[in-house]
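There is one chain below, alone, in structure tokens, taken in the form predicted alone.
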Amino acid sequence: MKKAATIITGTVGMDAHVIGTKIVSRTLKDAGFNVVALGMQVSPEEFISVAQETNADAILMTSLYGMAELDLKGFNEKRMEAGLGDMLLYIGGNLVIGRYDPKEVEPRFKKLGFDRVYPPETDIVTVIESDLKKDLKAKGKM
């Protein structure tokens, strides 16, 4: 029997909106994942460091204050340097300031290395069942 996939969660940058990441973490635990919940105001470097320490399978970041793109400047390069190029990266929430079309924002975050980008109010259960499990299986992690 394979061990449960390890997923790191947290709110990126200076974002102090912790409720979303707590819901994500709890739902992942309930679905049987090993969760390393970093909480709020997590630097990109901390995500990378903890991913290395725990041999994590994925990082799921949240952000609600609209500055995620700025917070993640240089993140993908640092991730690659750390040897985490194959790790699944998901992000969701209010990723930019103001009203926006998620279809316009998604390509910007995909350029930053994210596999999946979700708008606010995305159902985390659907993300787990429709995307995360499928993506982990495709990488041989489930």
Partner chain sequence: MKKLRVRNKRIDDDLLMKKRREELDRWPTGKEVDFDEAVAYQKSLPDSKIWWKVMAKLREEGRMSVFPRAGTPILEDMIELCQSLRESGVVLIPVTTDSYTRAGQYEKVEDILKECYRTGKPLLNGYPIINYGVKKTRKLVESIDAAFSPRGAGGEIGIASGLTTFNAGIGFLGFGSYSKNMTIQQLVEHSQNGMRIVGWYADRGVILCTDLHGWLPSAPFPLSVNIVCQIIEAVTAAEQGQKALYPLVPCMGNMVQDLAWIRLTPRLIREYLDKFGYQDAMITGTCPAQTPLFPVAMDLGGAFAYLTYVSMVGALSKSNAVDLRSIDEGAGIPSKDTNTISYRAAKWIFDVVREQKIEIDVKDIDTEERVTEIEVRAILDRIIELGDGDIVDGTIKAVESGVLDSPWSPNVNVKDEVLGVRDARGACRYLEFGNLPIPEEIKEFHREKVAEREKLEGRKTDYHTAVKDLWSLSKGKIVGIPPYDK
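As the structure is a prediction and not an experimental result, all values here were calculated from the model. Numbering follows the first chain given and starts at 1.
Absent from the display: the form predicted in complex with the partner chain. The rest refers to it.
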Residue 65: heavy atom within 4.5 Å of the partner chain in the predicted bound form? yes
Quick one: is residue 103 in contact with the partner chain in the predicted bound form, heavy atoms, 4.5 Å cut-off? no
Residue 42: heavy atom within 4.5 Å of the partner chain in the predicted bound form? yes
Could you confirm whether residue 88 comes within 4.5 Å of the partner chain in the predicted bound form, counting heavy atoms only? no
For a quick test of understanding: in the predicted bound form, does each of 19, 70 and 121 have a heavy atom within 4.5 Å of the partner chain? yes
Testing 75-83, 110-118, 93-101, 51-59 against the partner chain in the predicted bound form with a 4.5 Å heavy atom criterion leaves exactly one stretch, namely 93-101
